[in-house]
Each structure stands twice: as C-alpha cells, then as structure tokens.
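Here's a solo chain for you in structure tokens, the form predicted on its own.
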Amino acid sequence: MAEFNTSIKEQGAVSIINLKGYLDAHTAPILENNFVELIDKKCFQIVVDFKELAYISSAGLGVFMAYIEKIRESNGDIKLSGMNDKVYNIFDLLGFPLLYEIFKSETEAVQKFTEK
C-alpha cells in the first residue's frame, strides 16, 4: 500500500492540513477523518497544503467535494496550496479552480482568510 500521512497545525483561527505521499482510495479515509475532526471542533477555515503530496486519485479528489458544502454552510472554506504541476493539472482538468481558491504557498492561503 502506498504511503500517505497528514498532519494538522493551527495558525490563529486557520487549521492547516499537510498532505504527504499518495492520496488514493486506500488512503482517502485518513483525510476524511481529518475533515470530520475539524468540523467536530467547529474549525471551518481550512488550508490544505499539497507541498509533499506526490499523487492524488479520483477518490482523493472526492474527499474535497464531500466536505466543501458543509464547511461553506458554516461560513468557512477550504483553500488549497503548494500543488506541484502534476497535481495542479489534475485539479485544473476537473474544474476545481472554479470551486476552490488555489495558492502557491500555505502563507498566501492563510492570509486570504484574514483579508475579510
């Protein structure tokens, strides 16, 4: 099984999920658990940093679609950052840039939450 892990850190009111490895059907539940945990803690300002993500499958993409509506209903958002070209091209092909704000760096994504 491909290796995948996540870590969550807080920066003010923003929660940052760092992804590392291969996000596919076998590893997607790990990310799902991260979103459930943050929603249960009423943390709705979330940045997902892809800097160390090597691969994402359709199951991995599905995780983002599964939680975005609930998070936005709670006046939050999921912002994405640090994608390599390969991962970005997959998101772009499926129209994700129309649904999500994607930033070059985690810092830019976090700052976007404070610009209100």
Partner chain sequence: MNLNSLKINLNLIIWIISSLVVSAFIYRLLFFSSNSTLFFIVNDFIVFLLLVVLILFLIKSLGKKNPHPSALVLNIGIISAFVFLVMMFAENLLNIQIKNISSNLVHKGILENLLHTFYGLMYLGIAGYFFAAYKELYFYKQQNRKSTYFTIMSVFIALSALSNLFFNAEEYQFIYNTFFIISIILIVFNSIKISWIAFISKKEKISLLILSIIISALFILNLINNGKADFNGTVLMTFSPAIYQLFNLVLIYGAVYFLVLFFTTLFHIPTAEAYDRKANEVSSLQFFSKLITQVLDIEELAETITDITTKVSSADAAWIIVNENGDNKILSNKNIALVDADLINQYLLKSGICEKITETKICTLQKFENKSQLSEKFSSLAISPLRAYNEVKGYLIAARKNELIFYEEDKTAINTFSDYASIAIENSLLLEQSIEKERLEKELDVAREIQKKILPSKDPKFENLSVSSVFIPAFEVGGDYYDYFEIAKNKFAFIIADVSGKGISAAFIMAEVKGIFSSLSRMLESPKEILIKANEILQQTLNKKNFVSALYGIIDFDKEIIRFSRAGHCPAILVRDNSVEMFKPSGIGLGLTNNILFSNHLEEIKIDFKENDTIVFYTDGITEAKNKEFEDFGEQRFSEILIEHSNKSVNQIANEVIKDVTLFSRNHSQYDDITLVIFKWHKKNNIDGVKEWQSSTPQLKNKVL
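Residue numbers count along the first chain shown, from 1. The model shown is predicted, which means the values in this text are computed figures rather than measured ones.
Below, we refer to the form predicted in complex with its partner chain, which is not included among the displayed structures.
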Original post:
For the spot marked by Glu32, Lys86 and Leu98, is every residue within 4.5 Å of its partner chain in the predicted complex through some heavy atom?
Top reply: yes
Subject >> its partner chain contact in the predicted complex: Val36, any heavy atom under 4.5 Å >> reply: no
Original post:
At the 4.5 Å heavy atom threshold, is Asp40 in contact with its partner chain in the predicted complex?
Top reply: no
Original post:
With a 4.5 Å heavy atom cut-off, would you call His26 a contact of its partner chain in the predicted complex?
Top reply: yes
Original post:
Might Tyr22 be said to contact its partner chain in the predicted complex, defining contact as any heavy atom within 4.5 Å?
Top reply: yes
